[in-house]
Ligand SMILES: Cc1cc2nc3c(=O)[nH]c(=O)nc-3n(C[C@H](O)[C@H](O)[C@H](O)COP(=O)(O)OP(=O)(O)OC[C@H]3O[C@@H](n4cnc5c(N)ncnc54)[C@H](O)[C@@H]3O)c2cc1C
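Before any questions on how it binds or moves, here is one chain, the form predicted alone, in structure tokens.
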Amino acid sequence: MRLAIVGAGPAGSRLAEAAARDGAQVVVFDPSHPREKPCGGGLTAKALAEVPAAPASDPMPARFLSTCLLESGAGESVRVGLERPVAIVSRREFDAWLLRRAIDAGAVHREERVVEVDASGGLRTARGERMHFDVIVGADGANSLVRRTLLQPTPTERRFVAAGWYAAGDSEMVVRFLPGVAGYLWLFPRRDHVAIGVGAPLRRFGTRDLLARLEAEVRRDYPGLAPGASRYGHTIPSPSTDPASILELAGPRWALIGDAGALADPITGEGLYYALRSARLLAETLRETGSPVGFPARALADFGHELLAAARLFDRFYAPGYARRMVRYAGRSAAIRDVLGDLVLGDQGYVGLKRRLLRALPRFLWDSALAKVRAA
């Protein structure tokens, strides 16, 4: 199989590595790799499980953390311990590391921009060279050329906007829910700097307004991490509540993965796990059937229902007072802290979240009663 992958980010490089190991002739097109993508760079425990094995001579570049400070945005906070560490990465370093794994497996990286694709497997580069492949995969991000050509752009109402900056210094990992924003602030410490950002639905807020809110919060509470001259902003697409938004992601000779497929969590904007996982599922589909047609159904069965559930829960999750109650209850009860810790790790999904909280209710009531007795 001759496979063209447009985009050398996590989804594209992970697919390239897996497909090349399966014997495909893989060419990855990306003219500006590696680069620092504007995002927090957090890899949950389930995302780490999708990362290829690291050779001893080239370990994965990451900082590992085992606690997260959750803040309600209204004064309450709780520090949640994690059963397994999460990793915080610089995207420039991590993406380059993944691409090295793909090249080690036999994939070829062409530093060229693809300007035209078609559903029959043809593409044209900016240099005017025309080529033909058995399958073309769009792994070219939120504004994917492959998606725009073969499907349609992800609509505004399905986009999360992220904005922020990088600052010298250090911090613990912090997630602060922001009342009135339907989003959250983050401080993610990397190996030699801190990624500071804020995310919210694009349909509700523009980048300038979000940056102003973020800067005010950081200058007030974390003045050592205040912004310099550079800031970033980008959008993160996600599915709707309709399974069709996932089932549309492939044809006989093309497929979309990662952000190009709008495969990100609608509540948090987290996309690295879905980039890596969608790449793996597509590689398995191509190996087993020689065609990408079965990939969307496989993705829906594997993780798609979680994303659809997140889309349905978005308004309830960011309803006024919900985050404040959640943080307050976690401060009183180890049972609720365990739930939040598993959410941070990615171990607790949205589909079973309500049942998990109901099971935790008796212990929460007991912990609350004990806290009142001790305070008396």
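For every residue, the number given is its place in the sequence shown, counted from 1. Model, not experiment: these values are computed from the prediction.
What comes next is about the form predicted together with the ligand, which does not appear here.
Screening 283-291, 298-306, 112-120, 240-248 for residues having heavy atoms within 4.5 Å of the ligand in the predicted complex returns a single hit, 112-120. When the ligand is considered in the predicted complex, only one residue from H234, R213, R231, H193 comes within 4.5 Å through any heavy atom, namely H234. Contact with the ligand in the predicted complex, judged by any heavy atom within 4.5 Å, is made by just one of L272, V135, L187, L99: L272. Heavy atoms of K37 reach within 4.5 Å of the ligand in the predicted complex, making it an interface residue.
Looking at L15, you'd find every heavy atom of it more than 4.5 angstroms from the ligand in the predicted complex. Put simply, P31 is close to the ligand in the predicted complex: some heavy atom of it is within 4.5 Å. The ligand is not shown here, and in the predicted complex it never comes within 4.5 Å of any heavy atom of R176. Residues of 8-29 that come within 4.5 Å of the ligand in the predicted complex, judged by any heavy atom, are A8, G9, P10, A11, G12, F29 in sequence order.
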